[in-house]
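Next up is one chain by itself, shown in structure tokens, the form predicted on its own.
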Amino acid sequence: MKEHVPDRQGIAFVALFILGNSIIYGLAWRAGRDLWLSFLVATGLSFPLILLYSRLHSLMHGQVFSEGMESLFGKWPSRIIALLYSGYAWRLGSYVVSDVTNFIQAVSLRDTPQFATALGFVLLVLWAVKEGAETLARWSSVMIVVVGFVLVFTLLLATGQVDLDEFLPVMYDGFGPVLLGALQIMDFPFLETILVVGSIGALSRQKASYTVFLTGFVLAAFFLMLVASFSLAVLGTEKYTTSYYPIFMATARIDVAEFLTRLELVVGVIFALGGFLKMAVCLLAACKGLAHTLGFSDYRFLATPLVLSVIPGARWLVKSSMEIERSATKVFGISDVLFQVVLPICLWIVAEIRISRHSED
């Protein structure tokens, strides 16, 4: 069944995917007080790659990633590519499950087994995966408004806690930490957008890929920079760089006339919404990729075993909160460079060559 996603919904889909499970972590902590510079550098460095992802999606003429790869590269090469990205998407989905369950246990349900929390989320994700990208895009178009309003409202309430002197002096430690922070943000979450190419289908216009991917990316980058800068200005550089969940700690300090308090719960809800979408998109891409690899046109019968398998996968890949934080704030792992940078560039070059040769014929 061919899916069609309007531009506005596609933008929300991309933006909420990038926000996903990243909003609670201390992004660009290596840059310290210059984290806002890291966000600007990361946005500039990521922009050409997001443009490349847009071009790859545009070349598929409304097909999903795996089907588009077959039309561009042939049957067996496309199946190998689909299998590789299916494994990458499944692994990332397992990490998101681990992020969500560990966060919930750490800040709220301490005595609840992570398996119970994971099962509840995964069953909801299973329904979403079977419904497909159209349903997720419609849901995203509503939730992105809610998330944006709540974030802005919460930040405005905390303006009295903000200390702008925390950002001074600028680049006191040089450009090195800024670059490390930028590479960290590119790895997680900016360039994970490659998985959206593998999950979203046809858009309303042939050239809409550029509008959807670039606008959604810039919108998410702005919100993440705003949240990270707010957290640092409230907590201070030292606490921001040493906390697991700095935005959660920063919003906990909000107290308006002893009436509006405990607003960190709002951050938890936003994280759960974003984590749900990211988990669903990762597993949707994994199911579609695996179905294409096995030669099936419909992916839905693979959804149940593949989605449920992320529960043991999460426990297998990540053993503690420290490992989760380390994986979320690392600077470009080898596999991430392969799937986010090397393979997309290679695929784009080969696709452009083959298309140019075909047009000449």
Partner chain sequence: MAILVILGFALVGTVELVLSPRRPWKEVAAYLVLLAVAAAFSVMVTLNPDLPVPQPLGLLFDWLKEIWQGGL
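These numbers come from a predicted model, not from an experiment. Numbering follows the first chain given and starts at 1.
As for the form predicted in complex with the partner chain, it is not shown, yet the points below apply to it.
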Is W90 close to the partner chain in the predicted bound form, meaning a heavy atom pair under 4.5 Å apart or at it?
-> yes
Indicate whether S58 is a 4.5 Å heavy atom neighbour of the partner chain in the predicted bound form.
-> no
In the predicted bound form, F296 touching the partner chain (heavy atom, 4.5 Å) = yes
Would you check, heavy atoms only and a 4.5 Å threshold, whether L40 touches the partner chain in the predicted bound form?
-> no
Using heavy atoms and a 4.5 Å cut-off, decide whether V197, T211 and R357 all contact the partner chain in the predicted bound form.
-> no
Sole residue of L151, A158, L290, M186 within 4.5 Å of the partner chain in the predicted bound form, by heavy atom = L290
